[in-house]
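Just one chain follows, in the form predicted alone, and it is written as structure tokens.
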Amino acid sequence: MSKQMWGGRFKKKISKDFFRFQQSIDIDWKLAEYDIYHSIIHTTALKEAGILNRSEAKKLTDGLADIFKEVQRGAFKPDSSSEDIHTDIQNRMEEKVGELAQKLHTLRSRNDQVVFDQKWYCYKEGIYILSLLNVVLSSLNYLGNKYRDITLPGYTHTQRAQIVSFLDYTGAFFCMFERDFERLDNFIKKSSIYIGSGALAGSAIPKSAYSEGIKKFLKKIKPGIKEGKSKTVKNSLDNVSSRDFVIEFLNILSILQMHLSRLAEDFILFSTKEFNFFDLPEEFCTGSSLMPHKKNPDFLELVRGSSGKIYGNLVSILTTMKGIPLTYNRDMQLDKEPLFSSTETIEDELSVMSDFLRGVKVKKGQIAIALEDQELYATELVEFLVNKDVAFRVAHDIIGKLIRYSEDKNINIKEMKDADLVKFHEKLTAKEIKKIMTPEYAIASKKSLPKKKRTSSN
């Protein structure tokens, strides 16, 4: 068991079983980079407040910089016997600078550190997810434009409804992910990362000292955060006890996950033999250990299945936070695993999805067969009669009866003669029917939609 940052008032040693139970180092070591940020700022603030001299501050900052380099190159290995990442870095500093490290934690609390660390995590991971989303949007754009001249059946209630363009079909998912991008971008833009809360009541270190610490840190380290995002604390009680930012971040990821799952479900259905519209890229599918013919859409199924985990992570933190009194309580330690889990899952999904989409092939021949379904053009026939001064409800009834008649007589409407068609309405003729019941007419008749101006498929 490594050295702890507390214990002077205790007579008995902590139970080994309880120590293991309450440890978080196996999870929160991922915050090492941001915890070092906090320590560097805090060290400068201590110097500005006159608590550390220039030499002491330099030794501490240099030691922290050495640990930071380990984190940057992926060589950082946390001590599994440490209580948490804050303790682990403190103990490492004692190895580097000796007794001077005991001044590092002067007038600060882990309560302040952990919320600082997590806000940095959400900010930086949010920026990375934006970059991944941007690539997925590009891949959707590529796929839509590659098959922009194709039309396919659109569905409501999982039943064939009307003809839609493939570019509009992929554009629907494009719009979903675009909104996700905007939500996450807004979250990042309004993010503020505070320091100086102490345990709950603030710090004896002057605000000006912290401000100077932040200023010098941002100038020297350049950690990829805009000037002004990191600030001195506004309300210390709220800062250490609120996890609204985690909940908001996970809510955004949950909506994004919903959109990924919907896309996955559509592509799974359209790749089945029953639809046979899409051919999925083999490198993202698996086979069966028993059935040699199988090509299973495992990537898409895992995306769809991950929704339960990501939704559950959001609900778990909402539930944890719902009854916590002011201010910090140990319950809040349990927010990190759901946060990391959702973030890493989303990042993995988006990384694979961008390449997956570019490998999807659309089966024009199979879709052409589906487009022969005469019921797909029923609405266009109603619209034709409406344009001939027939009341909509009357036109709706006429075409409904025509569809039923064709089914009862097993006759395709496009093959019916004028003599049969005029029984339903005098304006219905074989010539008009053949003109109307085509994908080209169906798409062209929709005047409320903007013309397709999406960029090239490169």
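Everything numeric here is computed off the predicted structure, so don't read it as measured data. Just count from 1 along the sequence shown to find any residue number.
Heads up, the form predicted in complex with a small molecule isn't pictured, but that's what we're talking about next.
At least one heavy atom of N111 is located within 4.5 Å of the small molecule in the predicted bound form. The small molecule in the predicted bound form comes within 4.5 Å of no heavy atom belonging to I367. Within this chain, L280 is remote from the site of the small molecule in the predicted bound form, having no heavy atom within 4.5 Å. Among residues of the shown chain, D88 is not one whose heavy atoms approach the small molecule to within 4.5 Å in the predicted bound form. Highlighted residues E125, D180 and I252: none comes within 4.5 Å of the small molecule in the predicted bound form, counting any heavy atom.
Considering the small molecule in the predicted bound form, the lone stretch of 68-76, 306-314, 154-162, 328-336 in range is 328-336 [heavy atom distance within 4.5 Å].
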